[in-house]
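The structure tokens that follow cover one protein chain in two forms, given apart as structure 1 and structure 2.
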Structure 1
Amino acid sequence: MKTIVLKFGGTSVGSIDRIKKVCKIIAFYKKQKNKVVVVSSAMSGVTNELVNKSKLISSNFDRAEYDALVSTGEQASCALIAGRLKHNGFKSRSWISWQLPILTDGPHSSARIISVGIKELNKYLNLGGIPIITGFQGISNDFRITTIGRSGSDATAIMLAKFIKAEECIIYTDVDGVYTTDPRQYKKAKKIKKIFYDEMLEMASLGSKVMQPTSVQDAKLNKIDIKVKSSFVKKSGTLITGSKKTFSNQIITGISSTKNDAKITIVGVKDKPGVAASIFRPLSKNLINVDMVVQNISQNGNETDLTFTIKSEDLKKTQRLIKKNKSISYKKLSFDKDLSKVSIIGVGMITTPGITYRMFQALASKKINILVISTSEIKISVLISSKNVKKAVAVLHKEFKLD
């Protein structure tokens, strides 16, 4: 008898009719003589509503109470799913994370799961029950409810699969898998049947909304294969795995793009040990995420120009912090906004020469200017004007035969 973990996202349980449909999916797996564990997110919109209420109460709402508040959304959806399954004749009950317990470590709102109590859960599964477990949350060592970041229900499902040694972990969402690029942006995007953890991790961190990066990281570290499927249509999904069996020889797996990036260049910074740390230390303290970084040393070796990218909403704050920074001196500060990052991703580029040239040549053929370049073993990213993103994705999709 197989053990299967099924996770349902907020859109999948976004209404009573959708919850009824989800229960039919759960029943399908149960009727195949599987042990079925279900993890549910809150109904779509509920968490945002609770967050907005906390803001109306206080501009500095207590983080522990924030977690206690927003965790109620999953409790409601789990109770509704269990209630419907009972109505349909199945043995089922809802489990709040502390009842297992799901133990976490780290600060409120961004905790990480460290262990899952499975003794009572296994007893219930062996009696034929279908446990419906709240995603996105756990309990700290001082018995306070914690949450593990938005979209954290994926991480709950993955860690449950690890501790109960499940044979399958299936993430049900509003899309029927991972695509070569955003199908809303490019109609010729196609579904990826199998993708490596590292590729999915890059795509998730570069703008793909299908999976949360930390959840992919958890899956990779714990060697949990994940299937991503749609709860709305009966179609085969995407397998996220580390196994190299039956993979195609596709060089590039996917193309990601971001929106609302900005570029800052600090010209004529005195080149000395620790200067980069001096620049980025106040940004880090103010929770400004720095992405692409390029440094150019002057010919005399005494000065450097430092270019880096951030999100556009952080531009004014970043400029203020640099101007206030007394530990650095420079000649000029310049910036550009309305920029986007376009990336090609694929483990195949490790062993295939000429990928960089092909990417740059394809963009040049459409007269798309590259502002900044960054690379890793399985990724090449370029910063371009946001107005050229659709054109860039289309030409790269065609160049690497993803259409």
Structure 2
Amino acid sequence: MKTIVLKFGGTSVGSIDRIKKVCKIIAFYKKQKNKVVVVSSAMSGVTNELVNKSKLISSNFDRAEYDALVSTGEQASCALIAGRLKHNGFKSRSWISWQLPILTDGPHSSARIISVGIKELNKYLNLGGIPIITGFQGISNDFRITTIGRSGSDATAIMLAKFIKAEECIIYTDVDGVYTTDPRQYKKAKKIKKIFYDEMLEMASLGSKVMQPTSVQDAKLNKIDIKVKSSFVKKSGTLITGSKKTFSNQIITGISSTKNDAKITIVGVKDKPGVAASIFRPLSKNLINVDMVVQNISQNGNETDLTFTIKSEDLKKTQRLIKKNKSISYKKLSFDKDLSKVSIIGVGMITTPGITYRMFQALASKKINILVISTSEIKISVLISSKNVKKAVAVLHKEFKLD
């Protein structure tokens, strides 16, 4: 008898009709004599509505209350799923994270799951029950509700699969797998049959929202294979794995892009040890995520320019923090918004020379200006104007023979 974890995302449980359909998928696995554990997200739109309400109550809403509030959507969807399964004659019940418990560590709204209590779950599974567990949330060691980052139900599913020692973990979503790029943005995107954890991790971190980055990291650390499938259509999906068996020989596996990036340049800062740390210290304290960082080579040995990117929503706060930072001096502060980062990702890059040139040449052929570049072993990212993203994805998709 296999133990299978099934995770359903927001659109998969987005309406009563959808929940009824999801229950048919659950029934399919149960009838094949598996032990089935279900993790569900909130119905689509519900978490966003709760986030908006918190903003209307206070621009500085308490972080602990934020988690208590935004985690409630999952309780409702899980109860609805369990209720429908019982209606159909199955043994089922919902479990809220603290009832297991799912223990987390780290700050509110970006906590990490450290353990999942499985004693009661195992008893229930042995009795033939189907447990339906709230994704996205847990409790801290002082018994406060926590959440594990937006789209966090993916990570709940992976960690449950780890602790319950599941043979399979299937992420059901609204696309039938991981594609070479977002299929809703680019029609010629192709489904990827198998993708390495590292590639998926880069794609997810660089804007492909089909999987939450933390969940891929958890899967990699715990060697848990993930299948991504559609709850809408019955088609083969994508396997996310570390296994090197039967991989295609594509150089580039996928292309990701972000929205709403902003760039800040500090012109004429002192070129001496500790300056970069002084600039970024207040940003880090205020939980502002700094992404790409470029420091120019100093012309005169005294001064340099420093450029970095952040999310547009953090732009005003960042400008304020830099202006009131007494430990740095500079000549000018400039910024740009409506920028996007476009990245090509693939392990094939390690062994193939000339990829950087091909990327830049392809972008140049469409007259797309590159503002900032950053690279790692398996990815190259460029910062460009948001209005050029579609064009850039299309030309790169073609250049690397993904069409």
Ligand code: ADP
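Numbering runs along the sequence of structure 1, starting at 1. Rigid core: the largest C-alpha set superposing within 1.5 Å between the two forms. Keep in mind that this is a model prediction, so the values were computed, not measured.
Between the two chain copies, the one drawn from the form predicted on its own is structure 1. Core-aligned CA deviation for T309 between structures 1 and 2: 2 Å or greater. Once you line up the core between structures 1 and 2, the Cα of N34 stays within less than 2 Å of where it was. In a rigid-core overlay of the protein, S385 has its C-alpha displaced by at least 2 Å between structures 1 and 2.
In the rigid-core superposition between structures 1 and 2, residue position Y186 carries a C-alpha shift of 2.4 Å.
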